[in-house]
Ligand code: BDR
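Just one chain follows, in the form predicted alone, and it is written as structure tokens.
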């Protein structure tokens, strides 16, 4: 059994990542989902998470976490994804049932409880698809709890250019201090950055094929509607491809052989006027520093996209 904890800020991309993990059951079990402010404020992404769980009849517990970064002022991705963090051209995600609530424990406490629980046979991994505030908080509180964790797989950073700024990727830019804690902790990390996510491109033709397959399924209609809206972020006509982000990290957790990895130290720029939030990846490790980070430097983009589209088709065209 592969037990996975997900720390996320849903977000359509996070939805796809959760879907991939859910469809990998029973080999993969989602043990819990902690939510962090990122794509939108905490209350919004928490409601999105509860609505997604209800839509798919998932049963894992949800925990609310950090509403702001460790040090910095909060930012969100509303300028790209809209106020809900879930841009769509189809039906809106329904509001969760009023009785659907997050668990009372804070996300950091719940994550540490999971890490400290007696380990069942198999692996335990943590997938992070949002800012790293919750995870950094847990490391600061109880670093030893992470000794039994196989790895943190995170979508964040880049070996080249950014997207929130020319230098910085959004998840890292949203809380650079938290990212610095995670990368310097010595906990094994797989970094899935923009450099590989930009090799997994969603085209309008991909969306159109799914629309043609779609049967009257509430989840399927919504999923393809969000997929269409997501693909049109770069151009209203949908004539430019859109990289996938969080589901690529989920595939890195599930099928790491699809990726090329290189061990490298990763530092986070915290001071630069133009480079704050940049991940500085020393692929040559000229200083010979101890390394706990595997950086994705290449990916079989067509294979990853095929898995993602198959997972969406399974929902859009239920048997």
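Positions refer to the first chain, counted from 1. All values derive from a computational prediction rather than experimental measurement.
What comes next is about the form predicted together with beta-D-ribofuranose, which does not appear here.
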item: The single option of 146, 170, 230, 183 touching beta-D-ribofuranose in the predicted complex, heavy atom within 4.5 Å; value: 170
item: Heavy atom within 4.5 Å of beta-D-ribofuranose in the predicted complex - the one residue of 132, 155, 223, 107 that qualifies; value: 155
item: Contact of residue 88 with beta-D-ribofuranose in the predicted complex (heavy atom, 4.5 Å); value: no
item: Partner proximity in the predicted complex: residue 39 to beta-D-ribofuranose, non-hydrogen atom cutoff 4.5 Å; value: yes
item: Residue contact check: residue 163 to beta-D-ribofuranose in the predicted complex, 4.5 Å heavy atom; value: yes
item: Contact label in the predicted complex: residue 194 to beta-D-ribofuranose, heavy atom within 4.5 Å; value: yes
item: In the predicted complex, segment of 138 to 146, 203 to 211, 95 to 103, 238 to 246 with a heavy atom within 4.5 Å of beta-D-ribofuranose; value: 238 to 246
item: In the predicted complex: members of 204 to 230 within 4.5 Å of beta-D-ribofuranose, any heavy atom; value: none
